[in-house]
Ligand SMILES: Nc1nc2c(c(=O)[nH]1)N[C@H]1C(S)=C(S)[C@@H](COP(=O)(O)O)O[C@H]1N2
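In the block that follows, a single chain appears as structure tokens, in the form predicted on its own.
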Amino acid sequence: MTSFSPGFHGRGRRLAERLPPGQYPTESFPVLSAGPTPKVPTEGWAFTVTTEHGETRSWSWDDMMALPQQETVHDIHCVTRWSKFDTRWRGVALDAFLDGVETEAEHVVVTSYGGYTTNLPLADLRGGRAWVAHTYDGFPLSPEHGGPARLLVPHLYLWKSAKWVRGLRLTLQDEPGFWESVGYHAYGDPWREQRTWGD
């Protein structure tokens, strides 16, 4: 665990003010996964948005790389209680994939290569709050951290930022994903310590 002096400041706010309750800061980037790491070549990667009516839109790797790219810096927080400040990513905002999609859905099931799923409110993926990230700290995202591309939803616990992302399924009802179905919180706000069903 890395400790910081009381007077250390970062990005305009003291680090203590950026640390959610129950978390500790680290400079490492621990690798935690629910199963084996899938190997997904970029030439075989695709990202698909499926509406509640079964309509689909898909992007190949080259299609995604042709979309507007954004550099973004965020603190990230894992439900296992570590937090990492000022992580640097590059990717495509979910707004670009959802632009023009007609839906009445309020919920999303995120799907991943390897079978992992997680659920989120659709509103949490819009408005510049979420990305499909393919670069971390200036380098292509490693498979251990979800490469070639992962979801990045930094305002929620990191299990919501699904590794090896392959698509979104828009739903009218909230459908628990992998961890949510075994007791993790449906939303996962680190500032409210929403770790499990009862939080």
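On a predicted model such as this, the values are computed, not experimentally measured, just so you know. A residue's number is simply how far along the shown sequence it sits, counting from 1.
If you look for the form predicted together with the named molecule, you will not find it shown, but the lines that follow are about it.
Asks: Counting non-hydrogen atoms within 4.5 angstroms of the named molecule in the predicted complex, say which of 43, 144, 63, 55 makes the cut.
Replies: Selected residue: 144.
Asks: Heavy atoms within 4.5 Å of the named molecule in the predicted complex: which of the stretches 66-74, 167-175, 44-52, 150-158 has them?
Replies: Flagged stretch: 150-158.
Asks: When you measure heavy atoms, are 94, 129 and 187 every one within 4.5 angstroms of the named molecule in the predicted complex?
Replies: None of them does, since no heavy atom lies within 4.5 Å of the partner.
Asks: Hey, in the predicted complex, does residue 59 get a heavy atom within 4.5 angstroms of the named molecule?
Replies: No, residue 59 sits far enough from the named molecule in the predicted complex that none of its heavy atoms falls within 4.5 Å.
Asks: Answer with yes or no whether residue 112 is in contact with the named molecule in the predicted complex, where contact means some heavy atom within 4.5 Å.
Replies: Residue-level check for residue 112: yes, a contact with the named molecule.
Asks: Is residue 163 close enough to touch the named molecule in the predicted complex, meaning at least one heavy atom pair within 4.5 Å?
Replies: Answer yes; at least one heavy atom of residue 163 falls within 4.5 Å of the named molecule in the predicted complex.
Asks: Using the partner position in the predicted complex, report whether residue 85 sits within 4.5 Å of the named molecule, counting heavy atoms only.
Replies: Although the named molecule is absent here, residue 85 would stay clear of it in the predicted complex, with no heavy atoms inside 4.5 Å.
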